[in-house]
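We've got the same protein chain twice here, in two forms, each standing alone as structure tokens: structure 1 and structure 2.
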Structure 1
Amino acid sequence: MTIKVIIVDDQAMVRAGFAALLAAQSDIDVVGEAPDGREGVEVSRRAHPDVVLMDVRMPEMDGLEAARQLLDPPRGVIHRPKVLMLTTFDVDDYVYEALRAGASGFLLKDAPPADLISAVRVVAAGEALLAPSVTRRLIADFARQRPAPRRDGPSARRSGLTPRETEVLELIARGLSNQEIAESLVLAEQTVKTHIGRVLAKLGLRDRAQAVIFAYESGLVTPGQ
């Protein structure tokens, strides 16, 4: 099945380069582009892409607000694309906020072309882009900037998880893939997927990206562990 993508970035050369790279893949179709967040939301509503590549810093409307509008649309708008944030900076607080809003992950603009192609496929498949070591480091940096967890906040919600589900959540937060979690806990990979589904459902989270944020904010995982 072809993955439909739109590219939202205020630099025309960046949009052109990404579009050429992605359009050359047999399973990816670039169905639109936009120079700012406001137009990006409009293009997405018309084109119904599977994945939106969203720059963080743009005029008119930044990528964070655009991501919020796409991921929490007004009544009557059904389509919710996956949003993959693009950033020039290796530590960007906007990206942290985008993950909390429901973005499926982020990628540095200077990443190798193969990483961009892989990221689009990973996000389109419903996974979060959280496995690479650079992402683990960035998530830890974002978490380090957050206030200490409150007793009546995420940590209280976490009490509804079983011990096994808590283990799975911790390993997700450490950046392990489903296969790596299965090997670590000596479980079948399908069993791990079932546990992850239950964790997300119990905590009211959209995907693995939000699960990582939750794990840090609840104190289950602390930066530098």
Structure 2
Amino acid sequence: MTIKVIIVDDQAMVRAGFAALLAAQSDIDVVGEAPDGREGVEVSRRAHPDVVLMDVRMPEMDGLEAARQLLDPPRGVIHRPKVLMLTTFDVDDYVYEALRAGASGFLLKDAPPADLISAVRVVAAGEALLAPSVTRRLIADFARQRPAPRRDGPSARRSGLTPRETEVLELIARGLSNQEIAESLVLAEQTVKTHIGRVLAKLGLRDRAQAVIFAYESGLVTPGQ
């Protein structure tokens, strides 16, 4: 079973080069080409390739938008190819946009030909592959978002909040008013105010809005569920 590939790039020379390189592989067929995103989407709809090699920067419709359309097809379109993004420079925003859109890979055009070929095979197999510099960024991003479990626990950052204070802070970060917090914890509203006052003082915050920010930034609460 051969891997059907189309190549979308505004430079004819690049298309020709990649086409020649890939077509020389017995397990890869180049079944189409296009010079911009719009035509790329059309060609893909007709030729339903397994893999779309997509340049990022193109006239008419850039590779990111084209990738989005291919990966989130309108009702009625069943075909959903794997998309392998290509770029000359490696620019953060492009990478993240592409990955968000569901691209299966991101390579720099200066990668060794062998890498491109194996990338096509990897992507066709349903796996994913990134340029090493991109991988590094993605990992860094991942690690930054979820820092390693601090050995002293998250409480360390919360500079000596008592359990009750932490509890109150969390309810603030859920958007409750003082009165609602009081009801929720079965307390007098005044008690809640005392707790909040201490929380703000200990953390050096001005108001509950800043407390909410702190709760998110410190990981006490996290976005999305």
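For numbering, take structure 1's sequence and count from 1. By rigid core we mean the largest C-alpha set that fits within 1.5 Å across both forms. No experiment lies behind these values; they were computed from the predicted model shown.
Enquirer: Determine, for this pair of isolated chain forms, which one is the form predicted together with the DNA.
Expert: Looking at both copies of the chain, structure 2 is the one that matches the description.
Enquirer: By the 2 angstroms cut-off, has the C-alpha of Ala201 moved between the two structures once the rigid core is superposed?
Expert: Moves: yes, 2 Å or greater.
Enquirer: Would the C-alpha of Ile213 be classed as shifted by 2 Å or more between the two structures after rigid-core alignment?
Expert: After core superposition, the displacement of the Ile213 C-alpha between the two structures reaches the 2 Å mark, so yes.
Enquirer: If the two forms are fitted on the core, does Val52 show a Cα displacement reaching 2 angstroms between the two structures?
Expert: Comparing the forms between the two structures, which are aligned on their rigid core, Val52 does not shift its C-alpha by 2 Å or more.
Enquirer: What is the magnitude, in angstrom, of the C-alpha shift at Glu170 between the two structures when the rigid core serves as the superposition reference?
Expert: After core superposition, the C-alpha of Glu170 moves 26.4 Å between the two structures.
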